[in-house]
Each structure stands twice: as C-alpha cells, then as structure tokens.
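Quick setup: one chain, the form predicted on its own, written in structure tokens, and binding and motion questions come after.
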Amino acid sequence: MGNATSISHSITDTPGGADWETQRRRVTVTLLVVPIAMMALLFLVPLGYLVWLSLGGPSGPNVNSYRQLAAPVYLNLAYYTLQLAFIVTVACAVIAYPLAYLLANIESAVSRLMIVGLVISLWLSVLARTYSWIIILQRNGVVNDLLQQAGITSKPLPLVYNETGVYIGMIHILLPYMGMTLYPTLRAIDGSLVRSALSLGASPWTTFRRVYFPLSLSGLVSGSILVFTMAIGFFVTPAILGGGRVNTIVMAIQNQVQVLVDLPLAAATSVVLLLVSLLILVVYERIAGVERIFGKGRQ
C-alpha cells in the first residue's frame, strides 16, 4: 500500500501526472453529466410538468383538482386500490415463501428448472398472460370443466370479469417478483445456524420461528414493498379481467383523461399516487432500510 501511494503521489507531482489527473477528472465529470442530464430531461422535467398541471397549469395556481380528490368516489377508489394491493401482496408472500424456500435449500435439476421458469415468466407479455386467464377461467374454460367433471360444482363458476379474476391474474403476474426477491435472501442464510438450533434441542417449528424466519424477514419485506407498489399502479389486468366491474384509482386516471378530459385532475391523481408510493418507501426505510433491497444490510 505504501509503495502504491508513493507512486500515485509521484505521478501527480510531475507535470505529466498533473495533466493525466486533470483529464481523469474531466472524463469523470463528463460521464456524470450525461446520465444526470438524461435523468433531468426524461424524469424531472415531465414530473415537474405534471405537478405544474395538477396545480392549475395554464389557468393559474390553484388546488381545485386536489379538492376534487376528497370526493367520496375517489376516496373509495383509493381505499379499494390499497385493499387490492394489500391482499395481492399477502397472497404472493404466502405462495412465494415456501417456493423460494424449496429453491434455496434443494439442490436438484428440478429446482434449477423452476428458477429458469420464474425468470422466463418475467419476460412474457403481461397483456398476453392476462388474456390467457380469460381462456382458462371463462365459463367453458379449463378450470370450470375440471371442477364439473370432478363433481365439485354442478354449474360453471364466475371466475372472470369480476374480483376473483383480477386477484388471480395479479397474483400470477406479481408472484415471480416476490419469489425472485426472496430467493437470494433465503439462499444467503447460513445453514449451520439452523443445524445448531436443532442440535441444541429446538423443535423444527421453533427453529424456523426463532432463527430462520427472522433472518429471511428483510427479503420478505423487500419483496412485499416491491409487489405492493407495483400492484397499486396496475392497470391492464384489472381492466381486462375485471370486465369493467372492478375499478381502481389508476382506471380513474384513464377516465379523467379520456372521458372527462380533465387533465389537471388526472395530473393531481397521479401526483397523489406517486406520493403514496414514496410514503411506502419512507416507511420501509424507517423499518429496515432501503439499502436492503440491494442486498446490503445496515452496518
């Protein structure tokens, strides 16, 4: 280390070394300026325009659009959207946790194929996957045919164009995100800790509850935050599988733009939705730290 430091100082002390250091700094600044400028152009400018439009836009500063959001219809839509996102998140966590546990603790060709399947599912079109559920869940679809052939039901069940279809479709689409977030966390848990707890007389359930689950909690919370924030902004799946009977706050934004042609109101709704998502991240930061999403725990 001492030799490297002295060599570095000797280079910068010479005229040529000073030129090299100046050029390095210029390149560093240039590489930073380009992405910052692109971020400002593609993100900050549109966001600023959205906020300006929500505050009245060309008609002058006012908060009339935000006052309209206090109407019962929008409050009910917001409540239902949060409820929908919460139930979908809980369902994804319940289904993904044992799946991720198996993938993390069983070394076999089957587990590797399942991981590949999870990754491939993220590449498939959300629109195509949503429409496929209409074929599967319709009155003459595969699910209803199997239920009737097994004698479980005597007539087709209403599984699509209602809340049931929306929940099934959203859970199916968001489940891989929960699973892929949980998997590396469970994979990183030291198995010797579990074996030590068992060797000291703890039951399997106590070992899971007192040792394994607390160590996996950061991945579970990270996956829940990811799924919840994505579920809040879902549009395609509720619109198609809901058949117009399931309305969310995002669908209200579409109605404000295309039917009411009230751009300030749509902008205000979008800003509030963004603030809610940011608030969720702030709450998560208070609980566990956003850096855990990237696999770095608190020091």
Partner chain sequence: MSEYLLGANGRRLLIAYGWLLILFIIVPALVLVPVSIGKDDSFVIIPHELSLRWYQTLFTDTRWRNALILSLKLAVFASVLATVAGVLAAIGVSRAAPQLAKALRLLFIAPMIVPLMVIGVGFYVLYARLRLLGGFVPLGAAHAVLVLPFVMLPVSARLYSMDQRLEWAAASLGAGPYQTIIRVVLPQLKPAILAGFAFAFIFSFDEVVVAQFLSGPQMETLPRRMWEGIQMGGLDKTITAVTTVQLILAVVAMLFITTWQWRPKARPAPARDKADRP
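Predicted model only: the values in this text are computed from it and were never measured. Rigid core: the largest C-alpha set superposing within 1.5 Å between the two forms. Residue numbers count along the first chain shown, from 1.
Heads up, the form predicted together with the partner chain isn't pictured, but that's what we're talking about next.
Practice task
Give a yes/no on whether Y101 approaches the partner chain to within 4.5 Å in the model of the complex, heavy atoms considered.
Solution key: Yes, Y101 lies within 4.5 Å of the partner chain in the model of the complex.
Handout entry: Contact label in the model of the complex: V63 to the partner chain, heavy atom within 4.5 Å
Key = Judged by the heavy-atom cut-off of 4.5 Å, V63 is well away from the partner chain in the model of the complex.
Problem - P184 within 4.5 Å of the partner chain in the model of the complex, heavy atoms - result: The answer is no: P184 has no heavy atom within 4.5 Å of the partner chain.
Practice task
Flag I171 as yes or no: does it have a non-hydrogen atom within 4.5 angstroms of any non-hydrogen atom of the partner chain in the model of the complex?
Solution key: Residue-level check for I171: yes, a contact with the partner chain.
Problem - Residue among L220, L147, L159, L118 with a heavy atom within 4.5 Å of the partner chain in the model of the complex - result: Selected option: L118.
Exercise for the section: Please pick, from N76, T153, Q83, S108, the one residue with any non-hydrogen atom lying within 4.5 angstroms of the partner chain in the model of the complex. Expected result: Flagged contact: S108.
Problem - Interface residues of 232 to 259 toward the partner chain, as seen in the model of the complex [heavy atoms, 4.5 Å] - result: G233, F235, V236, A239, I240, V250, I253, Q254, V257, Q258, in sequence order.
Exercise for the section: Spell out whether the Cα of V51 moves at least 2 Å between this form and the one not shown when the two forms are superposed on their rigid core. Expected result: No, its C-alpha moves less than 2 Å.
Practice task
Could you check whether the CA atom of V63 moves 2 Å or more between this form and the one not shown, using the rigid core for the fit?
Solution key: For V63, whose C-alpha is compared between this form and the one not shown after core superposition, the shift is less than 2 Å.
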